[in-house]
Structures are given as structure tokens and as C-alpha cells.
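Next up: the same protein chain in two forms, each one alone, written as C-alpha cells (structure 1, then structure 2).
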Structure 1
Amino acid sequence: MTLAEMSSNLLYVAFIAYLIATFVFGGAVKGNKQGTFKSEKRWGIAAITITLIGFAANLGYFFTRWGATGHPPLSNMFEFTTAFGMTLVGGFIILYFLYRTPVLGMIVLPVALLIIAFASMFPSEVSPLIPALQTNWLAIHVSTVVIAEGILAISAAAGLIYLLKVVDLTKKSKQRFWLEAIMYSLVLVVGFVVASSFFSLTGYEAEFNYVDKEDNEAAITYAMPPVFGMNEYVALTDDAMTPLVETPAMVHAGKLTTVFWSVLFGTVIYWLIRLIFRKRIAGILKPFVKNVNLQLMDEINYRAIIIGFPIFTLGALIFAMIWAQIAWSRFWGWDPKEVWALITWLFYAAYLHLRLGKGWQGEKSAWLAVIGFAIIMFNLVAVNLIIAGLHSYA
């Protein structure tokens, strides 16, 4: 077994361990009918042990891959997103040992699973580093950022649990709508994973030539049936489906097609769940959070941010600026990734001022934490895949 093979096997081990731990944490919460600490503890110990084993395997993946490639595995979409899943679990482990709350594991681990599954939809072969990335700052800057984002995401998990408990699902309200919207968007990620896996297992491929926005001839390979065709497309694969709509050059129809299929699969899965359980997804989770201590969740929400915010400042702004000065000759250039790091930072700064200065605690804080996570995910997914810039390493 080569180092690279060992690395990907360790990632499987971690994935499966997190999957099992999710259910054991669920058991710890659900089995605790009395709402006492003692009955949670027994299951909780088993669950955190499995999580720790998974995390050890995950770290094993990380360092064996580092060994195999000769550089820290933080250089493309697959590697960064996988690392984000790992630091999310790492952040959870820290806060679990501070507050011993199984319910947090029940929410964080499936999200981490989703993120790792999402990551593995991207090309995962080991790739060489372009000159701009050949420096120790890659390890320093990116690892600090990914650790900070992992910890910040925990605040969103605590916020989500808070909302699941306090939002009244029996009455129609904005809160009920948006809470379900969060659940729906998580299911859309499942949709993306299922759609990508389905079409890649069935070996779907369709090649096209098209004219890009600079009026140059270009080629594209669709991995999903082309619902949207590129600007002035010409099909090269004979039996490929004819695109239903041709888009103008500024729209990347290939990406739009991926989004289309993800939303389609995700929506079908979402309604299947609704039909089977005859409840909103938030409603399915509600019984699990019945005994949650709201004050504690609010505290975790805040604690995660005050741990994560300084680390984020250090990694995503200070280290980023130092490296940018060395590699690109300027510490700041308004590259989209830089701008979104600044936006994330400003957002958490606003959170802290609202919380400490205006007394926004509890539910308001919980909503803000969830929005913060949405911004982080936007920076990870949309800025890499949609908005072109110096950081588009996917």
C-alpha cells in the first residue's frame, strides 16, 4: 500500500467513524428521557470515543497525504474542504470537552460528513504546487484559516440547536420558514453529492465546443446531462442530449447545469423526507433538542466565536497579508477571496459589537451565527467556483 492509498483509506475510516458517532450521539440525546446529565454521559462517552478515533484517522489522512505529495494538503478544493470537515470535528471536540454536550455532536458530525462528501466530488488526485504556493506560508496561512473556520462553524451549530428548540413550528412565521430553509440548503448539498455520484457511476460524459466571453473557441466536458448549453455550443458527443437552453457567454452553462441537477436531486430528496416523516426536517429534529439547555447553547455560540475570531484574524487577514506581500508584491489587492475574508471578519466584528454592546443574545445571536456560517460557505464554494480570481484553485 502506498502512502497515498493509505491516506485515502484513513479518510474512509474517519468518514465511517463520524457516521457511527452521529447515531451514538443521537442515542445519547434521545435516550436521555429524564434530561439528566448521568444518562447522557454513558452514551456520550462511547460517542466521543468513536469521534476521537475518527479524528485520529482524519489526522492520519492529512499527514500521510502531506507525506505523499510533499506539501501540506491544503492546495485545492478537495484538500481544503476535507480539511475544513476535519477542523469542524476538531472544533467540536474542543467544545465538547469544555461543555460536554452530545447534542452538539449530533448536529456537527453530519455536517462534517456532508462537507467531506462534498469535498470528494472534486478531483482528489495529488497535484503539484504552482510557484505561488511553493512556500511554508501555504501551511501557515491556510491551516490557520481552516482551523478558525472549523471553530467558527461550531457557533453556527450551537445557534442551530438553539433555534431548533426555540422556534415554534406550529405557527407560521418568518423564523419557521428560514429555519427550514437552512435544513433545505443542507439537503441540497446531499443533492449535489447524490447527483455527482449518480452520473459519475453511470459514466455520463458529453463534450461540447463553445465560444467564451473573450470570443475564443473553448471546449467543455459535461459530467451531467447538459440542460443548459454554453454560448454557441457545438456537440461533439453523438448521443448527448441537446441542451434545452443556450446561455449567453457570461453565464457558465456547465456550472449552471451542475447547480440545476443538484437542486433537482436535493429537492426530490427533501420532499421524500417530508413525505415519509410527514413533518418538516426541523420538526424531525425537534424532539432531540427538547432537553437542551438554551443558556449553554448561547454560551457555546459565543465561546466558539471568541476563540475562532482572533484565529481567523491572524490566519485570514494577517498571515494572508504577509504572504500576499511576499508572493504578489502587495499585501492587499481586492481579490474576491481577500474581499470575502474581510467580509467574514467584518461580519463577526458586527456580531461581537451587537452582542456586547447591544445585548443581542439568545435567538438573535443564534441567527447571526448561522448567517456567519453561510458567509464562510459562500467564500469556500461560490468564490472558488463562480467568481474568478487569484484564489481559484479548484
Structure 2
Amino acid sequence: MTLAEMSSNLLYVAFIAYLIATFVFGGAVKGNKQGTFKSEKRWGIAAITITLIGFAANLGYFFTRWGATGHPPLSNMFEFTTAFGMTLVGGFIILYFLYRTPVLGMIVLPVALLIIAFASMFPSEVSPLIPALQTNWLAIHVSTVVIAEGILAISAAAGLIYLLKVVDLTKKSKQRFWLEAIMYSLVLVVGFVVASSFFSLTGYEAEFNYVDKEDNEAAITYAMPPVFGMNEYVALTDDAMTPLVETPAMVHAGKLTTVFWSVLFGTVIYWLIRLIFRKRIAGILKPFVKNVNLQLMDEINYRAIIIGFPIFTLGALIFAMIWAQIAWSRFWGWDPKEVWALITWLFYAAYLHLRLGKGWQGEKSAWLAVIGFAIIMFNLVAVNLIIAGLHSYA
């Protein structure tokens, strides 16, 4: 067995362990609801043990892939996103031993599973680094960013738990609408996984030539029916679906098509869940947060951000600008990825200002934490998949 094969198997073990641990944490929460401390403790010990096994396998994946590639596995969407899931779980493990909150595991682990499943839809083949990434700054810049985003995601999980408890789902309100919108957005990730798997199993492929933003001719292979066409596209595959819309050169139509099918599949899955359970997804989860300590969730939310924000500042701005100066002879160039990193930083800076200066705690703080995670995911998904830029290789 090669190191690459071993790393894939270890990632699969981690995924299965996190999946099992999610249900076991559910047992711990159920024990808490029934007021049986011994049952809660027993389930909690089992759940965190399984999570630790999964995290060990996840670390094993990371280092065996590092050995197989010869560089830190942080150079493309598959590697970065799996590392993101790993840091999210690592942050949760630390918090669990500090606060003993099984309900946090019920939220964090499913999100980590979605992130890893999302990553698995991207090419995972081991390949040499492109020249632009053959530097130690790859590990320095990207590792600090992924650690920071994993910690910041913990704040969103605590914020989501807070909102699930305090938002009244029996009354029509903006809070109820936006809370369910969060649930819908998570289901869209499932839609991406299902759509990618479905078209992969059918063996769908369609090749096109197009003109990129540098006015050079390039080629693209669609893995899903091309709803959106690349700039000045020409079909190379017989009987290929004709794109409904031609996009400008700055937009990657192939990835935009992936987003379209993901939204379509995700929407169908969302409404199937609604029909089966006859309630909103937030309503399905609400009984599990009945006994949540709101003050504790607010504290976790805040502490995660005051730890994650300076690390994000270091990795996404300072280290990024140093590397940009070395690679492109300028600190800042308004590349889409750079812009959204700045937007993310400004948002969390505003969060700290509003929390410390204006007293925005509790529900307001929870909403801000969830919005911050939405910005991170927009940067990861939309900016990487749709908008072409200097970071498109990632």
C-alpha cells in the first residue's frame, strides 16, 4: 500500500468515526434531557473517545499525504478543505475537555462531515506543486489561515446552538426565516455532494474550448451538464448540451454550473426533509438544545473569536502580503481572494468592536458569529469556484 492510498483510507476512517460520534453525542444530549447524569456521562465518554480516534486518523491522513506529496497538503481545494475540517474538529476537542458540552459535538461534527464530503468531490490525485507554490510560505500562510478558520467556525457552532434555543419557531419572524436559511445553506452542501456523485456515476463529460481572460485559447471538461458556457465557447463533444448562458472571461462557468446543480439538488433534498419530518429543520434540532446553558454558548462564541481573529490576521493578511510581495512584487493587488480575506477580517474586527464597545452579547453576538462563518464559506466556495483570479489554482 502506497502512502497516498494509506492517506485516503485514513481520511475515510476519520469520516466514519465522526459520523458515529455524532449519533453518540446525540445519546449524551438525550441523557441530559432526561436528567440522567450517569447516562449522559457514559455517552459523552464514548462519543469523545470515538471523536479522538477519528481525529487521530485525520492527523494520520494529513501526515501520510504530506509524505506522499513531499509538501504540506494545503495546495488545492481538496487538501485545504480537508485540513479545514480537521482543525474544526481539533478545536472542538479542546473545547469539549474544557466545558464538557456534548451538544456542541452534535453541531460541529456534522459540519465537519459536510466539509470533508465537500472536499472529496474535488480531484485528490497526488501531483507536483506548480512553481508559484514551491515555497515555505505555502505552509506558513495557508496553515495559519486554516487553523484560524477552524477556530472561528467553532464560534459559529456555539452561536447556532444559542439561536436554536432562543428563536421562537412558532411565530413568524425574521429570526425564524434566517435561522432556517442557515439550515438550508448547510443542506446545499449535501446537494453538492449528491450532484457530484450522481453525475460521476453516470460518467458525464463534455469538452469545450474557450477564450480565457488573457485572450488565450483554453479547454475545459464539464463533469455536469453545462448550464453556463465559458467565454466564446466552442463545443468539442458531440451531442453535448448547449449552455443556456455564456459568461464573461472573469467567471469560471464550469464551476458556476457546479453551483447551479448543487443548489438544485440541495433544494430538492431540503424539501424532502421538510415533507418527511413535517417541520422545519431548525424545529427538528430544537429539542436537542432544550437544556443548553446560553451563557456558556455565548462565552464559547466570544472566546473562539478572540483566539481565531489574531491568528487570521497573521495568516490571511500579514503572511499573505509578505508572500504576495515575494511572488508578485506587490503587497496588495485587489485579487478577489485578497478582497474577501479583507472583508472577513473587517467583519470580525467589527464583531469585536460591537461586542466590547457596544455590549452586543447574547443573541446579537450569536447572529454575528453565524454571519462570519457564512462569509468564510462564501470565500471558500463561491470565490474559489466561480470568480477567476490569481488564486484560482487553489
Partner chain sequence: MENLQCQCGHTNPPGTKLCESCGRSLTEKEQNSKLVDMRYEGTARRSQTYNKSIIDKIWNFFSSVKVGVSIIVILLVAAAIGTILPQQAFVPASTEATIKDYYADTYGSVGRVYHFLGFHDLYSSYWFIALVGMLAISLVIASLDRFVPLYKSLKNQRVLRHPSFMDKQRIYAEGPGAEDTLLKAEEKLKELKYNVRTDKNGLLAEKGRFSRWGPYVNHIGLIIFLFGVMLRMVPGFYIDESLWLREGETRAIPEVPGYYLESKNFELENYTGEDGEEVFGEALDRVGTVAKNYQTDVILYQKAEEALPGASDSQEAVGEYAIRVNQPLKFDGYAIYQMDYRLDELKAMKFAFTNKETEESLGELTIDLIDPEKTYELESGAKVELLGYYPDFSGFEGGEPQTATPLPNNPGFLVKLTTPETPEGETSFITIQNTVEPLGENDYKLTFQSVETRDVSGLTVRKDSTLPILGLGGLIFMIGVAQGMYFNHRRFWIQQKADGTILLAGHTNKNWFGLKKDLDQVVDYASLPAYTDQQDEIDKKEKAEKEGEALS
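Each residue is numbered by where it sits in the sequence of structure 1, with counting from 1. For the two forms, the rigid core is made up of the largest set of C-alpha atoms that agree within 1.5 Å on superposition. Remember, predicted model here, so these are calculated numbers, not experimental data.
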Pick one: which structure is the form predicted on its own? 2
Has the Cα of residue 257 moved 2 Å or more between the two structures, judged after a core fit? yes
Quick one: core overlaid, is residue 125 moving 2 Å or more at the Cα between the two structures? no
In whole degrees, what is the angle of rotation of the smaller rigid part relative to the larger one between the two structures? 15
So with the rigid core superposed, the C-alpha of residue 226 shifts by how many Å between the two structures? 3.9
What is the C-alpha shift for residue 216 between the two structures, rigid core superposed, to one decimal in Å? 6.8
